[in-house]
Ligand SMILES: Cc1cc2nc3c(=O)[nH]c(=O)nc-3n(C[C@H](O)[C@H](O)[C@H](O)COP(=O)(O)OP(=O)(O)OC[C@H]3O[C@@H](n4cnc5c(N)ncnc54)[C@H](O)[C@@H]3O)c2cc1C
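To begin, one chain is listed below as structure tokens, in the form predicted alone.
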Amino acid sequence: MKIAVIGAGIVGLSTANWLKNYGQETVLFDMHEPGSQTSFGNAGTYAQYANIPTNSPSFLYLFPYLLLNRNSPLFIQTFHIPKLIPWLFQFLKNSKRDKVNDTSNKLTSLLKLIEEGYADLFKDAKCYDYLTREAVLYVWSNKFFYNAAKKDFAKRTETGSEITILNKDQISDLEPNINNIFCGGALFEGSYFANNPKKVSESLFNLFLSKGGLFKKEEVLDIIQEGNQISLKTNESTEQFDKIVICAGIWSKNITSKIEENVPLEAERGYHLMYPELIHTIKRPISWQERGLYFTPMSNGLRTAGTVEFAGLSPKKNQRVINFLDRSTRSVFKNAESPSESWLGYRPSTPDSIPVIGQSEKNPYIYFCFGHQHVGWTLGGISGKLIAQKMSTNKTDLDLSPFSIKRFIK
């Protein structure tokens, strides 16, 4: 079959590679360079334990704190509030305890398989030099939030993760170069991280090309059904395919709307700052949980990444967010200078914190693989493998019905 993959982030690159492994003629489309968007700027963690969604029963009473506290990672631009309300209403509906438990179980089923999605790709792409096998460390500076988080540890271990609880002194033993302002921590054994996400994406892209895959740097404008085939119209050409899979992150919403399949997808804007002078300061990613950010030791310096900002797809950076990240970094790393760069990206988020993986309800030749929110870098490999299995053999290692777009159809 001739298959088009729309989107060349980590999910699209993984999907394209797995489709080639299953013997499909595959063309990859993106209006940007592969791996240059949201996949470029993340914290780099492969977080097998990340089965606790952002939806939470405590969200309602914490919302005023999150919105008003100067040390909160949540930012909402007032101009975007009218557009955000419908999505936020669905998000709140999915914050009930039974819904959160259901979401956690579905995420767990995917997270258990992350190595099955990545192991072969990483080996074939020879990108292990860009991966560091040091476990992710979570830290808390507030005992209330620390004690609340510990209630979720048992649930996190269902993914196969082992958690080592640390006191203040043990945190200092692990990471002696930080200003230890934390009351407790947790080390997630078995997790690891990319010390250069860009190089990981480039390696996977080169692997795809080496298998005979084709990349076209074009913007997808429309999808047109023609009998048993569908055509993809771009700014450069129109081309026929047997099947199409949409892996375009937040831009998937615009593409699916062209086939009248509307997905409640919202952009969670995330930022990062780079501190080259802090290279080799820490050994592993450290996540300051109350502030919703990560300090990750990249190959070119320390990256401070995180926050959630709702402002749609506006390209304008919010200086308040940048100041928050910089202020937080300086409180933990006393030798921090002014950041050498700032970056803004867009996480594709569904209101139930579950990705959309499966077949279109409108067109049997169109498939979806997007909406991974905060765990796209972690789940890209297995999501790509599962959707490639579905398209190639109609048999998958995991039942995909819980991830179907049907859940959003009334």
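When you see a residue number, it is the position in the sequence shown, counting from 1. Treat the numbers as computed from the prediction; the structure is a model and nothing was measured.
Another form, the form predicted in complex with this ligand, is not on view; read the next lines as being about it.
**Student:** Pick from 219, 173, 162, 260: which residue has any heavy atom within 4.5 angstroms of this ligand in the predicted complex?
**Tutor:** Contact residue from the list: 219.
**Student:** So this ligand isn't shown here. In the predicted complex, which residue out of 39, 353, 26, 383 has a non-hydrogen atom within 4.5 Å of it?
**Tutor:** When this ligand is considered in the predicted complex, the option within 4.5 Å is 39.
**Student:** Of the listed stretches (263-271, 153-161, 125-133, 102-110), which one has a non-hydrogen atom within 4.5 Å of this ligand in the predicted complex?
**Tutor:** Selected range: 263-271.
**Student:** Verify the contact flag for residue 251: yes if a non-hydrogen atom of it lies within 4.5 Å of a non-hydrogen atom of this ligand in the predicted complex, no if not.
**Tutor:** Within the cut-off, so yes.
**Student:** Given that the partner is absent here, does residue 332 sit within 4.5 Å of this ligand in the predicted complex, heavy atoms only?
**Tutor:** Looking in the predicted complex, residue contacts with this ligand do not include residue 332, since no heavy atom lies within 4.5 Å.
**Student:** Answer with yes or no whether residue 305 is in contact with this ligand in the predicted complex, where contact means some heavy atom within 4.5 Å.
**Tutor:** Within the cut-off, so yes.
**Student:** Does residue 31 reach this ligand in the predicted complex if we count a contact as any heavy atom within 4.5 Å?
**Tutor:** Residue-level check for residue 31: yes, a contact with this ligand.
**Student:** If you apply a 4.5 angstroms heavy atom cut-off, which residues in 330-365 are near this ligand in the predicted complex?
**Tutor:** Stretch hits, in order: 343, 345, 347, 348.
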